[in-house]
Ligand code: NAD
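Consider the single chain below, provided in C-alpha coordinates and representing the form predicted on its own.
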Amino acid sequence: MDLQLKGKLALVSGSTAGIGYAIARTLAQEGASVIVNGRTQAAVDEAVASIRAETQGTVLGFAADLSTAEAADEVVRRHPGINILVNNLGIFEAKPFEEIPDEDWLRFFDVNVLSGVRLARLVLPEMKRANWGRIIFISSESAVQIPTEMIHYGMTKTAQLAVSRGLAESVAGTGITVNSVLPGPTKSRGVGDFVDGLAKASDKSFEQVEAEFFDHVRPTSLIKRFGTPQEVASLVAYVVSPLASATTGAALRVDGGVVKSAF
(Lines give C-alpha, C1' and ligand atoms only; values in the text may rest on other atoms or scores of the structure.)
Protein backbone atom coordinates (compact mmCIF):
# COMPACT_ATOMS: atom_id res chain seq x y z
CA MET A 1 0.00 0.00 0.00
CA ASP A 2 1.34 3.43 -0.95
CA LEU A 3 0.78 5.75 2.01
CA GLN A 4 1.35 8.79 -0.22
CA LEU A 5 3.92 10.36 2.09
CA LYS A 6 6.38 11.47 -0.56
CA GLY A 7 6.91 15.22 -0.32
CA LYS A 8 5.83 15.38 3.33
CA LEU A 9 8.13 16.69 6.08
CA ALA A 10 7.78 14.95 9.45
CA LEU A 11 9.19 15.82 12.85
CA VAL A 12 9.28 12.98 15.38
CA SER A 13 10.33 14.18 18.82
CA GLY A 14 12.37 11.79 20.93
CA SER A 15 13.21 9.54 18.00
CA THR A 16 16.72 8.19 18.52
CA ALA A 17 15.45 4.93 20.02
CA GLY A 18 12.37 2.85 20.77
CA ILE A 19 8.95 3.85 19.47
CA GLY A 20 10.14 7.21 18.16
CA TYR A 21 12.95 5.63 16.16
CA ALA A 22 10.60 3.03 14.69
CA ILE A 23 8.17 5.76 13.65
CA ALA A 24 10.90 7.87 12.05
CA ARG A 25 12.28 4.85 10.19
CA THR A 26 8.86 3.79 8.94
CA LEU A 27 7.97 7.28 7.70
CA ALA A 28 11.31 7.46 5.88
CA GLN A 29 10.63 4.06 4.32
CA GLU A 30 7.32 5.43 3.07
CA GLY A 31 9.01 8.37 1.36
CA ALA A 32 8.59 11.20 3.86
CA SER A 33 11.49 13.46 4.77
CA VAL A 34 12.04 12.95 8.49
CA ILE A 35 13.60 15.06 11.23
CA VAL A 36 15.08 12.82 13.92
CA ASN A 37 15.37 14.36 17.38
CA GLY A 38 17.25 13.52 20.52
CA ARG A 39 19.01 15.34 23.32
CA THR A 40 22.59 14.57 22.26
CA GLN A 41 24.31 15.05 18.94
CA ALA A 42 25.94 11.62 19.13
CA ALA A 43 22.60 9.83 19.55
CA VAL A 44 21.01 11.85 16.74
CA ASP A 45 23.91 11.23 14.36
CA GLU A 46 23.80 7.50 15.03
CA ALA A 47 20.03 7.30 14.48
CA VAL A 48 20.16 9.40 11.31
CA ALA A 49 22.94 7.28 9.84
CA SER A 50 21.12 4.06 10.70
CA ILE A 51 17.80 5.16 9.18
CA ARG A 52 19.52 6.47 6.05
CA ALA A 53 21.30 3.15 5.62
CA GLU A 54 18.06 1.20 6.03
CA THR A 55 15.78 3.38 3.93
CA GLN A 56 17.87 5.52 1.56
CA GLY A 57 15.45 8.27 2.56
CA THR A 58 15.90 11.94 3.36
CA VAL A 59 16.68 12.00 7.07
CA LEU A 60 17.67 15.14 8.96
CA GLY A 61 18.81 15.55 12.54
CA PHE A 62 18.03 18.01 15.29
CA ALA A 63 19.88 17.58 18.59
CA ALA A 64 18.18 19.50 21.41
CA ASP A 65 15.81 19.02 24.31
CA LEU A 66 12.39 19.63 22.75
CA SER A 67 10.82 19.92 26.18
CA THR A 68 12.18 23.49 26.18
CA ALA A 69 10.54 26.42 24.43
CA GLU A 70 13.88 27.54 22.98
CA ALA A 71 14.48 24.21 21.22
CA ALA A 72 10.92 24.08 19.91
CA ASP A 73 11.28 27.55 18.39
CA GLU A 74 14.62 26.61 16.84
CA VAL A 75 13.53 23.36 15.18
CA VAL A 76 10.58 25.06 13.48
CA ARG A 77 12.74 28.01 12.43
CA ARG A 78 15.42 25.70 11.02
CA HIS A 79 12.95 23.35 9.30
CA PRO A 80 9.99 25.34 7.96
CA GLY A 81 7.11 23.47 6.38
CA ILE A 82 6.69 20.65 8.91
CA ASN A 83 3.34 19.11 7.99
CA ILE A 84 3.54 15.94 10.08
CA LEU A 85 4.22 16.27 13.80
CA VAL A 86 4.58 13.21 16.00
CA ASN A 87 4.86 14.16 19.68
CA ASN A 88 6.67 11.13 21.02
CA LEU A 89 9.01 12.75 23.55
CA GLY A 90 8.27 11.48 27.03
CA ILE A 91 9.66 10.27 30.34
CA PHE A 92 8.43 7.75 32.91
CA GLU A 93 9.48 6.35 36.26
CA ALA A 94 7.93 4.18 38.93
CA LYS A 95 7.55 6.02 42.24
CA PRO A 96 5.07 5.73 45.15
CA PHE A 97 2.56 8.58 45.18
CA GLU A 98 3.67 9.84 48.61
CA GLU A 99 7.23 10.21 47.32
CA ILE A 100 6.43 12.27 44.22
CA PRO A 101 7.36 15.90 44.98
CA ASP A 102 5.88 18.95 43.28
CA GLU A 103 8.97 19.27 41.11
CA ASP A 104 8.39 15.82 39.59
CA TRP A 105 4.75 16.59 38.79
CA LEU A 106 5.83 19.79 37.02
CA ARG A 107 8.74 18.11 35.23
CA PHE A 108 6.56 15.30 33.90
CA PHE A 109 3.91 17.75 32.71
CA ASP A 110 6.50 19.95 31.03
CA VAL A 111 8.20 17.10 29.15
CA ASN A 112 5.23 14.87 28.34
CA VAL A 113 2.51 17.46 27.71
CA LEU A 114 3.86 20.96 27.14
CA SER A 115 6.52 19.78 24.69
CA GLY A 116 3.77 18.62 22.33
CA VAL A 117 1.59 21.66 23.02
CA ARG A 118 4.43 24.03 22.09
CA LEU A 119 5.35 22.20 18.91
CA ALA A 120 1.72 21.93 17.78
CA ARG A 121 1.23 25.65 18.40
CA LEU A 122 4.29 26.44 16.28
CA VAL A 123 3.52 24.22 13.28
CA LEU A 124 -0.23 24.81 13.16
CA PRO A 125 -0.19 28.18 11.33
CA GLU A 126 1.65 26.70 8.33
CA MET A 127 -0.63 23.66 8.33
CA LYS A 128 -3.63 26.00 8.25
CA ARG A 129 -2.17 27.97 5.34
CA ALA A 130 -1.64 24.73 3.42
CA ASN A 131 -4.97 23.29 4.63
CA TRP A 132 -3.22 20.00 5.35
CA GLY A 133 -1.41 18.55 8.33
CA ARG A 134 -1.15 15.69 10.77
CA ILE A 135 -0.52 15.95 14.51
CA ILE A 136 -0.11 12.86 16.67
CA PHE A 137 0.32 12.62 20.43
CA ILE A 138 1.89 9.35 21.54
CA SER A 139 -0.08 8.71 24.72
CA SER A 140 -0.45 5.34 26.46
CA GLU A 141 -2.93 2.84 27.81
CA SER A 142 -1.89 4.42 31.11
CA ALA A 143 -4.06 7.38 30.10
CA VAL A 144 -7.20 5.35 30.78
CA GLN A 145 -5.82 2.83 33.26
CA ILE A 146 -3.73 5.03 35.55
CA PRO A 147 -0.86 2.93 36.93
CA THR A 148 -0.72 3.17 40.72
CA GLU A 149 3.06 2.86 40.55
CA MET A 150 3.42 6.07 38.49
CA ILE A 151 0.35 8.25 38.85
CA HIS A 152 2.20 11.36 37.68
CA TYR A 153 3.01 9.64 34.39
CA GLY A 154 -0.58 8.50 33.91
CA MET A 155 -1.80 12.05 34.53
CA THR A 156 0.30 13.37 31.65
CA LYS A 157 -0.94 10.67 29.30
CA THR A 158 -4.57 11.57 30.10
CA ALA A 159 -3.77 15.23 29.55
CA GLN A 160 -2.50 14.40 26.07
CA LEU A 161 -5.87 12.92 25.18
CA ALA A 162 -7.60 16.13 26.22
CA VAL A 163 -5.21 18.32 24.24
CA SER A 164 -5.47 16.09 21.18
CA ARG A 165 -9.26 16.04 21.14
CA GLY A 166 -9.58 19.75 21.80
CA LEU A 167 -7.08 20.60 19.09
CA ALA A 168 -8.87 18.33 16.62
CA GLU A 169 -12.12 20.15 17.29
CA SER A 170 -10.40 23.51 16.84
CA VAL A 171 -9.43 22.59 13.24
CA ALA A 172 -12.74 20.97 12.31
CA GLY A 173 -13.60 21.25 8.64
CA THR A 174 -9.98 21.60 7.52
CA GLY A 175 -7.49 19.19 6.00
CA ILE A 176 -5.71 18.91 9.35
CA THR A 177 -6.23 15.90 11.58
CA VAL A 178 -5.18 15.45 15.20
CA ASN A 179 -5.15 12.11 16.99
CA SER A 180 -3.60 10.35 19.94
CA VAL A 181 -2.14 6.85 19.81
CA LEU A 182 -2.19 4.67 22.92
CA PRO A 183 0.48 1.96 22.98
CA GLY A 184 0.26 -0.76 25.58
CA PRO A 185 3.33 -2.17 27.36
CA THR A 186 5.94 -1.97 24.63
CA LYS A 187 9.47 -3.32 24.45
CA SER A 188 11.11 0.03 23.98
CA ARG A 189 14.71 0.54 25.03
CA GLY A 190 13.76 1.75 28.51
CA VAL A 191 11.31 -1.09 29.15
CA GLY A 192 13.72 -3.65 27.74
CA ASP A 193 16.52 -2.43 30.01
CA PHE A 194 14.16 -2.42 33.01
CA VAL A 195 12.97 -5.99 32.39
CA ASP A 196 16.52 -7.17 31.73
CA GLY A 197 17.53 -5.71 35.09
CA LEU A 198 14.68 -7.49 36.86
CA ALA A 199 15.57 -10.74 35.12
CA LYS A 200 19.21 -10.57 36.21
CA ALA A 201 18.30 -9.60 39.76
CA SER A 202 15.93 -12.54 40.11
CA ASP A 203 18.05 -15.01 38.10
CA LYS A 204 15.26 -15.44 35.56
CA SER A 205 15.06 -15.13 31.80
CA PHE A 206 13.49 -12.14 30.06
CA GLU A 207 10.68 -14.43 28.91
CA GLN A 208 9.94 -15.55 32.47
CA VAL A 209 9.75 -11.98 33.75
CA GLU A 210 7.60 -11.01 30.78
CA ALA A 211 5.17 -13.86 31.47
CA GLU A 212 4.94 -12.92 35.15
CA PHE A 213 4.32 -9.28 34.24
CA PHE A 214 1.34 -10.19 32.08
CA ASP A 215 0.05 -12.69 34.62
CA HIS A 216 0.08 -10.26 37.53
CA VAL A 217 0.53 -6.64 36.41
CA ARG A 218 -1.31 -6.49 33.05
CA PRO A 219 -3.49 -9.61 33.14
CA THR A 220 -6.04 -8.11 30.70
CA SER A 221 -3.55 -8.18 27.83
CA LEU A 222 -4.86 -10.29 24.97
CA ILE A 223 -1.50 -10.80 23.28
CA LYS A 224 0.25 -11.72 26.56
CA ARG A 225 3.54 -10.11 25.56
CA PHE A 226 5.16 -6.73 25.13
CA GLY A 227 4.27 -5.01 21.90
CA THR A 228 7.06 -3.95 19.58
CA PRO A 229 7.93 -0.39 18.58
CA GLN A 230 7.29 -1.37 14.96
CA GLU A 231 3.72 -2.40 15.75
CA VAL A 232 3.10 1.12 17.07
CA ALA A 233 4.94 2.72 14.16
CA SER A 234 2.82 0.91 11.58
CA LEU A 235 -0.36 2.42 12.99
CA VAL A 236 1.18 5.89 13.24
CA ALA A 237 2.39 5.77 9.63
CA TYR A 238 -1.13 5.10 8.39
CA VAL A 239 -2.76 7.73 10.61
CA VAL A 240 -0.40 10.49 9.43
CA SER A 241 -0.97 9.59 5.79
CA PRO A 242 -3.45 11.19 3.38
CA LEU A 243 -5.31 7.85 3.40
CA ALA A 244 -6.46 8.51 6.98
CA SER A 245 -8.24 11.78 6.20
CA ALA A 246 -11.42 10.71 8.03
CA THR A 247 -9.59 9.71 11.22
CA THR A 248 -9.40 12.66 13.60
CA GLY A 249 -10.16 13.47 17.20
CA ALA A 250 -9.59 9.81 18.02
CA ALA A 251 -7.73 7.94 20.75
CA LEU A 252 -6.36 4.96 18.82
CA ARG A 253 -5.27 1.97 20.85
CA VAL A 254 -2.40 -0.32 19.92
CA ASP A 255 -2.30 -1.81 23.39
CA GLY A 256 -2.61 -5.53 22.79
CA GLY A 257 -6.09 -5.46 24.30
CA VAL A 258 -4.91 -4.34 27.75
CA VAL A 259 -7.75 -1.83 28.04
CA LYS A 260 -10.76 -4.03 28.74
CA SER A 261 -13.28 -2.20 26.57
CA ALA A 262 -14.68 -2.65 23.11
CA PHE A 263 -14.89 1.13 22.66
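In this text, all values refer to a predicted model and were calculated from it rather than measured experimentally. Numbers for residues come from their place in the sequence shown, where the first is 1.
From this point on, the text means the form predicted together with the ligand, which you will not see here.
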Worksheet, complete the sentence: Which of 137-145, 123-131, 168-176, 76-84 lies within 4.5 Å of the ligand in the predicted bound form, heavy atoms considered? The stretch 137-145
Practice prompt. Answer yes if any heavy atom of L89 is within 4.5 Å of a heavy atom of the ligand in the predicted bound form; otherwise answer no.
Written response: yes
Worksheet entry | Partner contact for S67 in the predicted bound form: the ligand, 4.5 angstroms, heavy atom | yes
Worksheet item: Is there any non-hydrogen atom of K204 lying within 4.5 Å of the ligand in the predicted bound form?
Response: no
Worksheet item: Does the ligand get within 4.5 angstroms of any non-hydrogen atom of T26 in the predicted bound form?
Response: no
Worksheet entry | Among the candidates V191, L114, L161, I151, the residue which, in the predicted bound form, approaches the ligand to within 4.5 Å (heavy atoms) | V191
